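Shown below, as structure tokens, is a lone chain in the form predicted alone; questions about how it binds or moves come after it.
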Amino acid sequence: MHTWYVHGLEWTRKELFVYPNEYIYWSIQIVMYPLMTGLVAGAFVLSSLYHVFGQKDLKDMAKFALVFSFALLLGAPIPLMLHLQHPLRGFFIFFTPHFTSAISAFGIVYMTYALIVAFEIWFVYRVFFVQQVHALEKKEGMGAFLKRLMYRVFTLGAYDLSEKAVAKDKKVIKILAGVGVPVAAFLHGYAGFIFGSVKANALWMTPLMPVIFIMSAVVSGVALCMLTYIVIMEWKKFRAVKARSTTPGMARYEQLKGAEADLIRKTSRYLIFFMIFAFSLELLDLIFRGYTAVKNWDILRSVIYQRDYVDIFVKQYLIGNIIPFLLLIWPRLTVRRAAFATALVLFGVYMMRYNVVIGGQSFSLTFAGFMDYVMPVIPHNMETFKEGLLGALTVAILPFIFFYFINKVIPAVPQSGGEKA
């Protein structure tokens, strides 16, 4: 006797008239996937504001966002790999690329974008690599030898530090950043394309979906970079406080505090700008659906204005958009208020992804029944781990672990003394 496993059975709750073979197939990992790719694209756009558009007030944040974008990029495919029943098949899209499939196209765009970011990081840090090689030549020991060897490999033999060579580096950085912006937008916009092109789902079928995804991606990426930068700088200030008994330690504390507050205020202006566009597009889509009132509008209205009212209008719009927007535009923005506001922004973007992915599956194809996703909190097998709370937390934490180790080799934040890497 065989026991058949049905994907989605353990976390789907059905109400009223639902087909026997209908379940919530796309669970929390498919919510995390567009969230992660959006963070990648948003962080890269933030770095490009300096490299492409010459916003010099974002110089420090741009360097941080570029390296952080690469760390996020490493974690972006993980939700898909966890969601697949046979994850090793996911590598096939890299070996058999073609544009007849949106998923396969993602493999091509993902690799292209990864190369662009890697090359841009190399050009940004080439001078640093060479300086490290020269500095480590004066040190002895196996640790110094291995680090010097590592940085020698990173230089790729390019040791020229003349003004002409550095000027060429900056020119190439600008080109790569300019090319990377549309590639980053396409990397995340294709996720909205996949949802927006599903004709069988009334909630997803809208041409505005890719644009909404892209704009909310920029918002989420900028917000996460700000929040992460604040946490890192606060930790550095905490360490500097321990040295307050000496004058240099106190000076270092004040220097870090001033640099952090000034940069956060400047970056918040761009976050506000992108938030206005993202929120306007979401409201436009909602109004457009109500005005056109397609044949499936009755079931959509019951989902949007009744069943998911709290998730959409309270959690997503009020808590995740309106409240942080007011906190950011309020005069005399402080670092703590900015941290709280950006955390709310990230929550709002998460709820937007959740409402699209889960909300789009909440009504049955009978149009007379509903399904709810009950997230597994305590896993009892591998499936409930991957598609539950612990799986989502794993995906969320991994990019920060990647960034921690990358930052050890390629410093992306100001050093303790206040100097820039």
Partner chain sequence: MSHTWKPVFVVLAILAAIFIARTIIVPPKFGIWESGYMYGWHNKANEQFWLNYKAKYKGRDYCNGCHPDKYSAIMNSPHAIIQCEDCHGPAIDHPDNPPKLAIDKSRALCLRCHVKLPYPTSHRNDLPGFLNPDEHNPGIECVSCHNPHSPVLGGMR
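Numbering follows the first chain given and starts at 1. Model, not experiment: these values are computed from the prediction. We call the rigid core whatever largest set of C-alpha positions still superposes within 1.5 Å between the two forms.
Missing here is the form predicted together with its partner chain; even so, the following discussion is about that form.
A heavy atom within 4.5 Å of its partner chain in the predicted complex is found for exactly one of Y350, F274, F123, Y113: F123. Out of the listed residues F91, F238, Y291, W330, F91 is the one that sits within 4.5 Å of its partner chain in the predicted complex by at least one heavy atom. Residues of just one listed stretch (261-269, 315-323, 156-164, 330-338) have heavy atoms within 4.5 Å of its partner chain in the predicted complex: 156-164. In the predicted complex, at least one heavy atom of K168 sits within 4.5 Å of its partner chain.
Although the partner is absent from this view, W297 stays clear of its partner chain in the predicted complex, with no non-hydrogen atom inside 4.5 angstroms. Contact annotation: L281 falls outside 4.5 Å of its partner chain in the predicted complex, judged by heavy atom distances.
A residue is said to contact a partner when one of its heavy atoms sits within 4.5 Å of a partner heavy atom; F128 fails this definition for its partner chain in the predicted complex, lying far away. Annotation for Y125: C-alpha shift of 2 angstroms or more between the shown form and the other one, rigid core superposed. V172 is among the residues whose C-alpha shifts by 2 Å or more between the shown form and the other one once the rigid core is aligned.
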